[in-house]
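Encoded as structure tokens, the following chain is the form predicted alone, with no partner shown.
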């Protein structure tokens, strides 16, 4: 029975505790609030957590990964392989570089791109392959990496920049915006691709309000120090020294060698991130418990297809709990979301496939080329999974979900 007194359940409210607030206050009182010692400490903390040789933080996933494409020399005439089922940012950064986003359909079960789909879309003009980890579930990094390093790819790759010549193959850049904390063969996602991009947006498992990071695992033929110095410089208008470096060196003089951007992370954001990272294992465990409760409640429901959360080598970061309601159409799903909202339960959809957006329709894309993405979109619903939920909330969500789906599936005279 509907309980009108039940509290409102948000979809993804950030988890900001007193420790986090105290960390921000400490930085605000320190006299150094941007691109300073707190940022450096956060990057070091991330390197330890990810077991990565180098992590740099930026203002967002978007700015970070666009810098990566520009560093690699992606530009007009080049192709970048991406999923059709992703957020707009994945394609936008390719377009910003003047290149062409080449969309690939998803696997209907895992809801991410597969090696076979990428292989079918590859051409010698493919300069980068950018798969997306959806909802916390990682792609098959090992298979994709082995393919990109194979002799047939290297023999046909057409390099057009010095960095590309050094690689001798396309860049493997992972859109891991959803998968901070996911694991592959007991290793955190973050070192399996050449460059892995994370998002710390407000709705992510670990947040800095806005922000993102790149984890570098580059071929040994590239100088890691030189490469990451370029990225740090380009996030500060191409300036040769950051404010912290100028203070430490004792000399204020700097140079600007390229027309860079302004996309650095602040120390205020880094303080939030460091606080969250200290508690992240516990946060991840709680998200896993919630996912297990949803799974137990829904695994025998005939109309429900559950997300893949773990297999022999991979484990999700439990960022989303996205179900598919079999044979639903998008209008039914939207009606379901409205009914749940009346119950005080917020839900979401991840994502509107790119070919349904005006930007890409006007580029000539059509959903008929991506049938699995279209079917997933019609049936998909993301349920709340966050630290503000208790077990009773999850039980309530499942109860109302099942009630409303039953109503929407039952023909009425």
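On a predicted model such as this, the values are computed, not experimentally measured, just so you know. Residue numbers count along the first chain shown, from 1.
There is another form of the same protein, the form predicted in complex with a small molecule; it is not shown, and what comes next is about it.
Colleague: For the interface check, one of 222-230, 196-204, 322-330, 339-347 should have non-hydrogen atoms within 4.5 Å of the small molecule in the predicted complex; which one?
Modeller: The contacting stretch is 196-204.
Colleague: Report yes if all three of 86, 175 and 211 come within 4.5 Å of the small molecule in the predicted complex by some heavy atom, otherwise no.
Modeller: Checking in the predicted complex: 86, 175 and 211 are all within 4.5 Å of the small molecule.
Colleague: Give me the residue from 34, 60, 382, 52 that has a heavy atom within 4.5 Å of the small molecule in the predicted complex.
Modeller: Contact residue from the list: 60.
Colleague: Note which of 271, 132, 104, 80 lies within 4.5 Å of the small molecule in the predicted complex, where distance is taken over heavy atoms; exactly one does.
Modeller: Comparing distances to the small molecule in the predicted complex, the residue within 4.5 Å is 132.
Colleague: Would you classify residue 377 as touching the small molecule in the predicted complex, given a 4.5 Å non-hydrogen atom cut-off?
Modeller: No, residue 377 is distant from the partner.
Colleague: If we define contact as a non-hydrogen atom of the residue within 4.5 angstroms of the partner, is residue 90 a contact of the small molecule in the predicted complex?
Modeller: So residue 90 counts as contacting the small molecule.
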